[in-house]
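This document opens with one chain alone, in C-alpha cells, the form predicted alone.
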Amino acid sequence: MSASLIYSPFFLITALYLLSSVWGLGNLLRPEGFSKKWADRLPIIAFVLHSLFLIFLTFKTNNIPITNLFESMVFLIWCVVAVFNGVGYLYNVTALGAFLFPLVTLLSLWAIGLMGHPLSAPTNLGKFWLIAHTIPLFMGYAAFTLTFTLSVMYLTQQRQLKLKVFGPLFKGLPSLESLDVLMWRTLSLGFPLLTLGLVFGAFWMRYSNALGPQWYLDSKVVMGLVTWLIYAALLHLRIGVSWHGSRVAALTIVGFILVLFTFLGTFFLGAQHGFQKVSQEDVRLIKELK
C-alpha cells in the first residue's frame, strides 16, 4: 500500500478541522447563523477520526506513529486537540475552539505538505526512548499551543476593551482575569513536560552516541534548550516578579514561534536529531524487506 493511500484519511480529518474553525468562529461572531451544537460536535468528530487514524498508523508501523516528519506533525496536532479537550472539560473555556482550530487547520495543511518528505526516524531509537522522550515533549508543546491561543484571546479581548467595542466578539470571550489564569495553568502544565522530555532526550543522545560526541551542538538540541530557557524565564517572571497580562501574553507568542521552529524549522538548517534523510533507493529496499 502506497504512503499516499495510507495517509489519505488525514485529508478528511483536515477538512473536519476546517469546518470546526468555520463553525467555531461563526458561532462566536454570528451565533444566530451557526449553531453551538455543531460548533461543539465537529471538533469531537474530527478528534475521534484523528485518534482512529493514529491507531491505524501505530499498527502499520508497529511503533508510535512518528516515523517521519508527516507522522510527527500529525501526532503533535492530535496532542494539541487532546489537551484542548482536557482544558475544555475542566474549565469550559468559552470561544477557545474558535481561536484554536484555525491554527490546528493551518498545522494540518502544513502536515499535508510534509507528505513524502525524505526524513525518517533512525532505527536505533528504541521504543522506550521514543515514549520517554517524545510523548512528554509533544504534550508539552501541545500545552504551549494552548497557552499561545489563550494569549491571542487575551490580547484580542484587551483590545476590545481599549477600543470600547462591545460586540459579539467581546461578549463571547472570557474575562481578562480568567484568560490570565488559564495562560498560567497551561504554561505550568507544559514546562515540566518539556523539561522531562528534554532530560530523557539528552540522556539518550549522551549514552547512545546517536549524534556523535558533539551532540549538544546539533541545531535542534540548541533550539530546544533556548525554548526551555524562554519558558523558564516566563515562569520566573510570573512567580518571582508577578508579571501578568499583556507582557506574559506577548512572550508566550514568542515562545510558541520558537516551539514551531524547534519542532520543524531546525531540520532545514541541517539538524540530524530525530530524523535522517532516506533516499528513494532506501525506500525501495525497505519495501522489498517488508
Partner chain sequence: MNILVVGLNHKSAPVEIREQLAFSTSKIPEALERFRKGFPSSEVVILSTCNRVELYASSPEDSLTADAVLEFLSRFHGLEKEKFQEHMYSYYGLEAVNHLFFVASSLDSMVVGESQIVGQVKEAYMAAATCEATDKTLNKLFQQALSVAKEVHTKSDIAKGKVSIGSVAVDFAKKMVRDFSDKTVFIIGAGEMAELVLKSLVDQGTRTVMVSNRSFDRAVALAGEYGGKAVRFDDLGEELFKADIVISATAAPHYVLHPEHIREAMKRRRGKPMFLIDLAGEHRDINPEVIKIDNVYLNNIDDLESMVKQNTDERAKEMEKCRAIVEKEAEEFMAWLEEMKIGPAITHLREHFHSIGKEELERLRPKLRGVGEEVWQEVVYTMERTLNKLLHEPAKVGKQEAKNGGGYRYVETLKKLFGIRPTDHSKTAPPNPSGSV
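All values reported here derive from a predicted model rather than from experimental measurement. Numbering follows the first chain given and starts at 1.
Missing here is the form predicted in complex with its partner chain; even so, the following discussion is about that form.
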- Within 4.5 Å of its partner chain in the predicted complex, do we find a heavy atom from each of Lys37, Arg41 and Asn85? no
- Task: Just one of 218-226, 66-74, 239-247, 49-57 has residues with a heavy atom within 4.5 Å of its partner chain in the predicted complex, so point it out.
- Result: 239-247
- Using 4.5 Å between non-hydrogen atoms, is Leu109 touching its partner chain in the predicted complex? no
- Task: Determine whether any heavy atom of Gln157 comes within 4.5 Å of a heavy atom of its partner chain in the predicted complex, and answer yes or no.
- Result: yes
- Message: How about Gly201 - does it come within 4.5 Å of its partner chain in the predicted complex, if we only consider non-hydrogen atoms?
- Response: no
- Hey, in the predicted complex, does Trp184 get a heavy atom within 4.5 angstroms of its partner chain? no
- Identify which of Leu173, Leu137, Cys79, Leu189 has a heavy atom within 4.5 Å of its partner chain in the predicted complex; exactly one of them does. Leu173
- Message: Using a 4.5 Å heavy atom cutoff, which residues in 22-44 contact its partner chain in the predicted complex? It's fine if the answer is none.
- Response: none
